[in-house]
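For reference, the chain that follows is the form predicted on its own, supplied as structure tokens.
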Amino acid sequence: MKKIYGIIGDPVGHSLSPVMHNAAFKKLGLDAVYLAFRVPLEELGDAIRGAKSLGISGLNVTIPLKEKALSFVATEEVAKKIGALNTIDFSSTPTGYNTDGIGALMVLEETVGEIRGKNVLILGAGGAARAISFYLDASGAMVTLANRTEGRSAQLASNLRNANSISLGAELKNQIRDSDILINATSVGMHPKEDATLITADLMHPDLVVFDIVYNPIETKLLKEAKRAGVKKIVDGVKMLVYQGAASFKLWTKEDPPVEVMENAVTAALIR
């Protein structure tokens, strides 16, 4: 019997997770399909209960559902500490996991090597920002969180070992000057609002590593601004998508994910 997996979110039509996972299923010869389901926030509980009843094997969870989803499933300890999940496994009791932080950490370690001691500025305080900040803090980075609602970023910072928060205002310029890594963990710049960015070139310095978790488009407005500022290390969101997706794939199927196939599928779809 064909196994069904999917992603829930609102919006979700832009997601390339179906392209990535279906390529992996095909490569490994698994009788499975991955679909996208638009789920409004107020219908999240019904959607998760319905997925279990319909025999869906696993779900990814994206904005704006990652935090509220904790209320409807059992949750492993890391996701519980983060306060958000992005993966649900229905193989027995529906259980939530968070692979976002793992994906971001892997990308940064590939790019800059040792994370310990790096000053990292994270834009946002939602589910993705929570996961990324948790893993970077645990790896010894010095994390600063900037969010439109400073109270939200301050609350998140209070749950980390070595973190603080600032507003998206006057403090931002000085913080970027003193940062080694800038991460956009918001949806700003995502298709179809591709001309949006929270940070412009005049605030950046060439030695800054600029990482945007948005992957559609591959080159966001933020990354274009980074190029204009002469930034030497620019990281798009494709590899984070692939690495967090590969971790979900492993949880669901117990198979080693074909990471290269997954990355090639995403890149090809974005180029088209």
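Residues carry their position along the shown sequence, with the first being 1. If you're wondering where the values come from, they're calculated on a predicted model, not measured in any experiment.
Only in words, not in the display: the form predicted in complex with a small molecule, which the text now covers.
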- Item | Contacting member of S187, S165, T75, S179, with respect to the small molecule in the predicted bound form [4.5 Å, heavy atom] | S187
- Message: Taking the small molecule as it sits in the predicted bound form, is G127 near enough to touch it, meaning that at least one heavy atom pair lies within 4.5 angstroms?
- Response: yes
- Task: Flag R148 as yes or no: does it have a non-hydrogen atom within 4.5 angstroms of any non-hydrogen atom of the small molecule in the predicted bound form?
- Result: yes
- For I102, is any heavy atom within 4.5 Å of the small molecule in the predicted bound form, or not? no
- Message: How about L198 - does it come within 4.5 Å of the small molecule in the predicted bound form, if we only consider non-hydrogen atoms?
- Response: yes
- Query: Exactly one stretch in 112-120, 171-179, 85-93, 149-157 has heavy atoms within 4.5 Å of the small molecule in the predicted bound form; which is it?
  - Reply: 149-157
